[in-house]
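Take a look at this single chain in structure tokens; it is the form predicted alone.
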């Protein structure tokens, strides 16, 4: 049975030793920042802050903080490999399950409309990083919009900075479906605001679906149904026709004027660098609905350090990996795909069974030409099938031993770039150079001179025999 809500998942994580409760009072100005950073670097448990200074709302962070948490969110065994998670994700999402509309749900236990709706009364003022301009409630707020042309909903994750008790910024990047909906709305309804709902604390598979990049139709709620293997229950908002998960902790309802832009940031980003100030749309609050004693779900953005992971990376970078793997699995010879979390989503590593000349370049071109993820991936590395794409040591070995710079590195300049790519100065952030590295054995070069590549000295058959009788040697490893 799928988790009915976030609270049920929190209970499971605690039972499995993957969630810690902090009962001591914590200062939202700095302590939540410090605790979550330390837990990330140690690949530690999720954390539930039960006593936030000056507030009576609890805060949960890190519920998808490691691959173990991710596996449990999909109701898989916590010990499965990342590749097994990838294969299961793809298998499930091949068959979306439409949501079920219900009349009401726990997210409407309290309904605050108009002047009664106050962001400061619901959200603790967390500073996720020391230099953030203001508290950001939107680190794991899920924005729901509807395409005015097709009627299909989208759910994305965009940052939101608190401006006043009833306004936040809403930063939607150019490649997001949310901004595309806003642009279409402006064409269809000039001068009118577009309805937007923001979901906090849904059951875990809706969060996973929002972090991925699915092609529409259907909407993310149907892919969430596929991931949880049963329909997701949705309810109508109070002030618009958008539909949101019925068991969510908190729902914000509001509107955005396409032409209205105000300063947003700085904010510490998933790349590990402080994102500079820029202009973003403004979310105008109209209503808040929430559960009794709601739990605010957020996350500290940043780069993975030490032994750890970063929750936002596991959500959207893994979502990117699943979409990329699903597309490339249809290509003859593709064995495995990885988008490493420590690469900020800029690397894709693909292993192949070599079938023809030029195959690595075909893979690179297919990735970069894709309208969904092509502009996000700066570097593509292609390796042979025996190389584990999730083991950086093996990938580095392939690059070091099999690459000649004048033959195996492809550079395509002046491509659409990512605004957070700090390898470009601010005035050049809209552009990048796609770089491909063919780290496969150059078998056709050997063939052309009538020779063969040297064989590997792995001796897997000998290793297997020894492992089968390892107790005989009395060595603990």
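Note that the coordinates shown come from a computational prediction; the quantities given were computed from them, not determined experimentally. Numbering follows the first chain given and starts at 1.
Keep in mind that the form predicted in complex with a small molecule is missing from the display, and what follows is about it.
Enquirer: Would you mind picking out the stretch of 94-102, 237-245, 124-132, 148-156 that comes within 4.5 angstroms of the small molecule in the predicted bound form, counting non-hydrogen atoms?
Expert: Checking each option against the 4.5 Å cut-off leaves 148-156.
Enquirer: In the predicted bound form, do 139, 176 and 220 all put a heavy atom within 4.5 Å of the small molecule?
Expert: Per the other structure, all of 139, 176 and 220 touch the small molecule.
Enquirer: Tell me, which of 316, 346, 325, 373 has a heavy atom within 4.5 angstroms of the small molecule in the predicted bound form?
Expert: Contact check passes for 316.
Enquirer: Of 312, 86, 166, 271, which residue is found within 4.5 angstroms of the small molecule in the predicted bound form when only non-hydrogen atoms are counted?
Expert: The residue from 312, 86, 166, 271 that makes the contact is 312.
Enquirer: Counting only non-hydrogen atoms and a 4.5 angstroms cut-off, does residue 203 reach the small molecule in the predicted bound form?
Expert: So residue 203 does not count as contacting the small molecule.
Enquirer: Does any heavy atom of residue 352 come within 4.5 Å of a heavy atom of the small molecule in the predicted bound form?
Expert: Judged by the heavy-atom cut-off of 4.5 Å, residue 352 is well away from the small molecule in the predicted bound form.
Enquirer: With heavy atoms only and a cut-off of 4.5 Å, decide whether residue 171 touches the small molecule in the predicted bound form.
Expert: Residue 171 belongs to the contact set for the small molecule.
Enquirer: With the partner left out of view, is residue 213 within 4.5 angstroms of the small molecule in the predicted bound form by any non-hydrogen atom?
Expert: Taking the distances in the predicted bound form, the answer for residue 213 is yes, it comes within 4.5 Å of the small molecule.
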